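Only one chain is shown below, in structure tokens, and it's the form predicted alone.
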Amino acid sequence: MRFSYYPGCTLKTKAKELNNYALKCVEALGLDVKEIEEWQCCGAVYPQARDEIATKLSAVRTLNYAKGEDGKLLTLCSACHNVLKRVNEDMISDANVRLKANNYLQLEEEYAGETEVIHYLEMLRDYVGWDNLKAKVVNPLKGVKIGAYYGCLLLRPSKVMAFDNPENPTIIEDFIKAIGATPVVYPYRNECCGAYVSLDEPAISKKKSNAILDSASANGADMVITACPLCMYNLKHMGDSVVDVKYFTEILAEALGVKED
């Protein structure tokens, strides 16, 4: 099975390690993943105005490309996943958005949300399977206590994202178990890190990031893992905790034995 892969802008610049480890891991797992040719920015933030069409066009272009390849679009960045999944839902459920987007893009065949948008963690769960992933582990992270940090964008809005239970998610904890580590469940794992307010109100992001890391540390976590470059930035640069923060793909690469020093 082939997946069309959308990396997004940040994974080619500030979050290269998130992308690079992910690609090393799919190779180790024997998956057929092909990066989309000439991909464009997803739009970065999902537009809240229902009549906003222009900023959704790049996402529709990407979704339509994946439809023509294999119909499965693999994402990794939490923000990109959120934008692409929500725009895809618009193309399915909103006739006005669908009509205008198709008219703007002048597609040979109308796009109506046929592509399946799949996050990397969903691929591990639904297509690889936790038992199969566990069988591929050559360096189990025994004794390492890891807190999953979901943040906002993977889980909300819950009906559209359909990623996991928004109040009590388990997918990252199941991932942690599959690579041999011990998951730490803590109260702030799906609270906002401060997101984009870090630009104008860094004190707010600092307070929220510290609350997350302090909560993880108080419950015994040695480290916190995330899939979001923005969350990584806030937790790393705004937080004061001694708890380490890593991308989940880095510890996956370590467990699969493909992480380079």
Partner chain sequence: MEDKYLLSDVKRYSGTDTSACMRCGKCSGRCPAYNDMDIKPHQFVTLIERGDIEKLMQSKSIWTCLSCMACVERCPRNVAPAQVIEAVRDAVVRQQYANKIKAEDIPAKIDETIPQQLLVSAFRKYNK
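Just so we're clear, the structure is a prediction, and the values are computed from it rather than from any experiment. Numbering follows the first chain given and starts at 1.
Another form exists, predicted together with its partner chain; not displayed. Remarks below refer to it.
**Student:** Taking 4.5 angstroms as the heavy atom distance cut-off, pick the stretch from 75-83, 112-120, 131-139, 173-181 that is near its partner chain in the predicted complex.
**Tutor:** Contact criterion met by 75-83 only.
**Student:** Can we say 46, 192 and 237 each have a non-hydrogen atom within 4.5 Å of its partner chain in the predicted complex?
**Tutor:** Verified in the predicted complex; spot residues all in contact, yes.
**Student:** Tell me, which of 98, 156, 145, 125 has a heavy atom within 4.5 angstroms of its partner chain in the predicted complex?
**Tutor:** Exactly one listed residue reaches within 4.5 Å, namely 156.
**Student:** Just one of 31, 197, 36, 223 has a heavy atom within 4.5 angstroms of its partner chain in the predicted complex, so which one?
**Tutor:** Only one option qualifies, and that one is 197.
**Student:** Would you please decide whether residue 108 lies within 4.5 angstroms of its partner chain in the predicted complex, comparing each non-hydrogen atom pair?
**Tutor:** Residue 108 lies outside the contact set for its partner chain.
**Student:** Residue 218: heavy atom within 4.5 Å of its partner chain in the predicted complex?
**Tutor:** Taking the distances in the predicted complex, the answer for residue 218 is no, it never comes within 4.5 Å of its partner chain.
**Student:** Evaluate residue 10 for contact with its partner chain in the predicted complex, applying a 4.5 angstroms cut-off between non-hydrogen atoms, and reply yes or no.
**Tutor:** Within the cut-off, so yes.
**Student:** Quick one: is residue 230 in contact with its partner chain in the predicted complex, heavy atoms, 4.5 Å cut-off?
**Tutor:** Residue 230: contacts its partner chain in the predicted complex.
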